[in-house]
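The chain below stands alone, shown as structure tokens; this is the form predicted alone.
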């Protein structure tokens, strides 16, 4: 018996998301915060966790945390749902909506999990290439909306891996033209100083995703879906009852208790990003792009497969994006702490001088 034939064709035909563990002294590939909690705050958090009854299930739906973050984002309690990272919320959206003949539209390049989860859920994926300036190709996207009527459109704001914020005017036009739901993923929004949350009052088919993964708490896997109460109510039926463990709920509350510390770290990352960007601009053959995120996207005049390999040998791990098309010889480096940034710059300069 060939058990593989029991697997969905859409699953068999895709590669899946790879998150390889590679030993490194400077891990700058996954867009995580380079800062851990200060020792005193870490002790305070762990002291709180000692009071958790590990033999009991977590609060289903995380009602206290949902209420607190609704206040933080300035929305009603019934407009927010919490997921085990944004990935679970993307999966819930793809699982709940219509049927396997539905179309999910994504610009490319963008966060690969949109396509992977949509395909695994049985949806057809309509990919629309970005413009030459890495903004949305509005005429092309409007054409696909008219032709395919996508039930879901995913827009990363800022976009990964290109690090820029798409035109707000173009996003609004896409929302207005869509008969389906438009999901604006603001995973990196803290580093852009921008949000489309105010548009929720104007558009009933807009959903916004938030996360704590990029601002210092990647380990707790905490994501937020914000949208119309009627939609959130239906999506909540698909959410698994105990999807957010108690330890993560406590840590998320701790984030709000000490928001100034986390915002201070975000400010440090933004300042380091600008320093790193200016330094990369001075390296011959390296062409960095403006960044609204906690990483820098850059193209190169040389083979990045070779450079990536040499950097990895030196213990510097960044993201090699090299593939045919617009990502040919492109890379992405997460903004690290100042020591990591200096090590990366020193090492890549040394490699390029060989």
Ligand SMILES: Cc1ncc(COP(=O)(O)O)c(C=O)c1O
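Positions refer to the first chain, counted from 1. The model shown is predicted, which means the values in this text are computed figures rather than measured ones.
Not pictured, yet referred to below: the form predicted in complex with the named molecule.
Peer 1: At 4.5 Å between heavy atoms, only one of the stretches 232-240, 153-161, 259-267, 124-132 reaches the named molecule in the predicted complex; which one is it?
Peer 2: Within 4.5 Å of the partner lies stretch 153-161.
Peer 1: Just to confirm, residue 221 within 4.5 Å of the named molecule in the predicted complex by heavy atoms?
Peer 2: Yes, contact at 4.5 Å.
Peer 1: Residue 137 near the named molecule in the predicted complex, any heavy atom under 4.5 Å?
Peer 2: Close contact is absent here: in the predicted complex, residue 137 is far from the named molecule, nothing within 4.5 Å, heavy atoms only.
Peer 1: Determine whether any heavy atom of residue 213 comes within 4.5 Å of a heavy atom of the named molecule in the predicted complex, and answer yes or no.
Peer 2: Taking the distances in the predicted complex, the answer for residue 213 is yes, it comes within 4.5 Å of the named molecule.
Peer 1: Can you check whether residue 86 is within 4.5 Å of the named molecule in the predicted complex, heavy atom basis?
Peer 2: Taking the distances in the predicted complex, the answer for residue 86 is yes, it comes within 4.5 Å of the named molecule.
Peer 1: Exactly one residue in 207, 81, 187, 94 has a non-hydrogen atom within 4.5 Å of the named molecule in the predicted complex; which is it?
Peer 2: Contact with the named molecule in the predicted complex is made by 187 alone.
Peer 1: Note that the named molecule is not shown here; using its position in the predicted complex, name the residues of 319-354 with a heavy atom within 4.5 Å of it, in sequence order.
Peer 2: Stretch hits: zero.
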